[in-house]
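Take a look at this one chain, the form predicted on its own, written out in structure tokens.
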């Protein structure tokens, strides 16, 4: 058997589990830290540490700017990142394995470099058929953020008072938001006054920014507009957040925000 035939035959096994996202489906990728509970206990303050938030923001920024995919919205909360792809994104023929491995590899490398030790994130893909489900997805993750933030504040407040892991968990088991808010309020913490990024998460998206520059030919100050990646630590919530996500999608469809050169798909990979 010549090499070309041998090569094609063996690649069939590599490609046997390939899956592609169908055309016209919106793509969302979610990355999660693996073993981050232990890592954050060793390196960061609880329940929240701005240094950890900043690390996750920089990993999100790296994925949006340098992954080779056209990502129009990044959302991070806790140890997770959600990325919304441009509707016309077609890198690598929309192969799931290429998206997952590329994003997980870049995210793990960036986080490891920032932390100074090896950490990893995994990745999964959610193909969504319409804008309503895109809204639902990001609303779901933001509601998860709120729930985790409230639980985290209560749990670590009790732990810092001397409660054991089991005791703190038992006190909070089955309790609703009113109980948890009152628990914090009795200890001088108004949950609604905690930083918005803790309760709602952080968003990154492209925004038109005005920049002043200098024209050396005329000697005049000029103002230019360009799309830059914007960090938003006070994103809206509830219905306003749904509208916000849809606006990003619709603006992208009209203006091609955050465009890039698409990597060519290699059919034999």
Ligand SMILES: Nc1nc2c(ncn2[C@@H]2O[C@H](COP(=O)(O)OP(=O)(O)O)[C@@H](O)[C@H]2O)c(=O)[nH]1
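Residue numbers count along the first chain shown, from 1. Everything quoted here is computed from the prediction, not taken from an experiment.
Quick note: we don't show the form predicted in complex with the ligand, though the next part is all about it.
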Legend entry - in the model of the complex, the residue from 45, 243, 228, 234 that sits within 4.5 Å of the ligand by heavy atoms: 45
Legend entry - Contact residue in the model of the complex, from 207, 34, 65, 211 (heavy atom within 4.5 Å of the ligand): 34
Legend entry - Among 164-172, 75-83, 89-97, 127-135, the region lying within 4.5 Å of the ligand in the model of the complex by heavy atom distance: 75-83
Inset, instruction - Would you check, heavy atoms only and a 4.5 Å threshold, whether residue 26 touches the ligand in the model of the complex? - result: no
